[in-house]
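The data below hold one chain only, encoded as structure tokens and taken in the form predicted on its own.
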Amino acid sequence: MIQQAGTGAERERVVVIGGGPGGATAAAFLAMKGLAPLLLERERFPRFHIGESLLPASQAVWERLGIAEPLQHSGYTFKFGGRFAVGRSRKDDEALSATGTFSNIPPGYATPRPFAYQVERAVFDKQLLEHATACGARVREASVRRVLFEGERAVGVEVLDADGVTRTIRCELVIDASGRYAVTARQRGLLELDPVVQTSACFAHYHGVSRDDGALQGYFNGYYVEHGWVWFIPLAGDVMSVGLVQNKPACDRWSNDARVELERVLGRHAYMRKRFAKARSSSKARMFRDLAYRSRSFAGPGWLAVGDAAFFIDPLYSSGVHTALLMGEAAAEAAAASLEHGGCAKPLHAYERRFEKYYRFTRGYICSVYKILRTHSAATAYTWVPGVLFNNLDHPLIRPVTRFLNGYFEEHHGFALMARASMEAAAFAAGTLARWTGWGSWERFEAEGGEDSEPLLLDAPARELPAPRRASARMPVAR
């Protein structure tokens, strides 16, 4: 670190904003290239974060990072697959389900670790950050107030250090991995909410929620409900992360009480309620609004955005952490190539083109799913086809889609596009039929369930989950 003569500004080659998975990964890869970046993180780790279910595709990044083996022995719940289900009726305690096993992929794609983990993010994120430090990155506790620009080029950051002093750090390149704060996007007025995926979420942790036997106890479980779904993520120590995600108009009817909204849905559906026979709350519930958003640019002269600082689509299919890891590695490659050629913009443009395509493709698939979830009949068909016709995804025609859902979103586009086209057609047909006759609608599904069940309303302890960040465009620019 060099003090800039006469100005008091420090000078660095690369500054990384944020120590989450994307920032830690970018910093680690840069350090492995000998660039020794400065990583600025406003919070002390460990700190709570949602997004606990990971994907097998991340194993390739962890292998290149040199952290795959330590992660395997960290005590996390092993995740060998996932299961999605939809109720035949609200009063039926059995649900139609489709199960996907991560190892059931096309021949030739086998990997040494065909599994992922359900993690406590406070522990996982700290591991990644400590690994980045071990690789040679320098971590400082500081809050980035703004990115400094000269014209359109980012030339540094202004930070508030832990000692309460405001400092200026000049650099050749800024990697913004500030998560939902999205420092650069907010400052430049680039942030916009998704017009189709207009989801909100509420979630909490519970003890004693029933689990399946054997390897299935670590599976991700999702249950489709009106305009959305409920997640069950089994963590270590008999903790179950449970969350409700709904798209508009369903989430517009929510109150501001996250616990009531979550446990109202859990209590209304017999196939979910039965899992809570011996459960107790282990945290207060929290609520996210405006989950899906994007920055209109992922890169510019002298800067790159990584992970949630660039976009977030939806927690469905657990893509958030994997996307951050993938972008972190790619950002390190682009930054190193740019610096090697005197700040050349070509690698930054290539980075933006790659992840613009990645964003559009993955978002398109998620949009199709939420169109499917507008009616109960379409959600049932979406579950029945892979779950029954293809014997729970064990079929040559469906294995590429399974690999796609493992997190390999940049591969098997043909099969995924075929699946998306089928989903769109099914959603249109089911929606039209529901509008004309009422058959297959969520309204009829709810009515056929009889009288409403009482919400679970399990006693909540004093321990509270820290408040999550909102991505609302109305949120003030982080300073």
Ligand SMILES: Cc1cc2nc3c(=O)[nH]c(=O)nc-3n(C[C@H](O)[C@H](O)[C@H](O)COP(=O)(O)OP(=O)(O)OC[C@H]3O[C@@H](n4cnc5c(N)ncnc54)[C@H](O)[C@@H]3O)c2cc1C
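Don't overthink the numbering: it's just position in the shown sequence, from 1. Everything numeric here is computed off the predicted structure, so don't read it as measured data.
Beyond what is shown, the protein has a form predicted together with the named molecule; the following relates to that form.
Item to complete: Using the partner position in the predicted complex, report whether W303 sits within 4.5 Å of the named molecule, counting heavy atoms only.
Response: Outside the cut-off, so no.
Discussion item. At 4.5 Å between heavy atoms, is V15 in contact with the named molecule in the predicted complex?
Written reply: Close contact is absent here: in the predicted complex, V15 is far from the named molecule, nothing within 4.5 Å, heavy atoms only.
Discussion item. Is Q246 near the named molecule? Define near as a heavy atom within 4.5 Å, in the predicted complex.
Written reply: No - in the predicted complex, heavy atoms of Q246 and the named molecule never come within 4.5 Å of each other.
Discussion item. Taking any heavy atom pair closer than or equal to 4.5 Å as contact, tell me whether E43 reaches the named molecule in the predicted complex.
Written reply: Judged by the heavy-atom cut-off of 4.5 Å, E43 is in contact with the named molecule in the predicted complex.
Worksheet item: Honest question, do I50, S143 and A177 all end up within 4.5 Å of the named molecule in the predicted complex by heavy atom distance?
Response: Verified in the predicted complex; spot residues all in contact, yes.
Discussion item. Counting any non-hydrogen atom inside 4.5 Å, which residue from Y181, F276, F355, F404 sits next to the named molecule in the predicted complex?
Written reply: Of Y181, F276, F355, F404, the residue with a heavy atom within 4.5 Å of the named molecule in the predicted complex is Y181.
Discussion item. By the heavy atom within 4.5 Å rule, which residue out of Q198, T101, S377, S319 makes contact with the named molecule in the predicted complex?
Written reply: Contact residue from the list: S319.
Discussion item. Given a 4.5 Å cut-off on heavy atoms, tell me which of 199-207, 163-171, 341-349, 361-369 is the interface stretch with the named molecule in the predicted complex.
Written reply: It is 199-207 that comes within 4.5 Å of the partner.
Item to complete: Any residue of 231-269 with a heavy atom within 4.5 Å of the named molecule in the predicted complex counts; write them all down in order.
Response: In sequence order, W231, I233 come within 4.5 Å of the partner.
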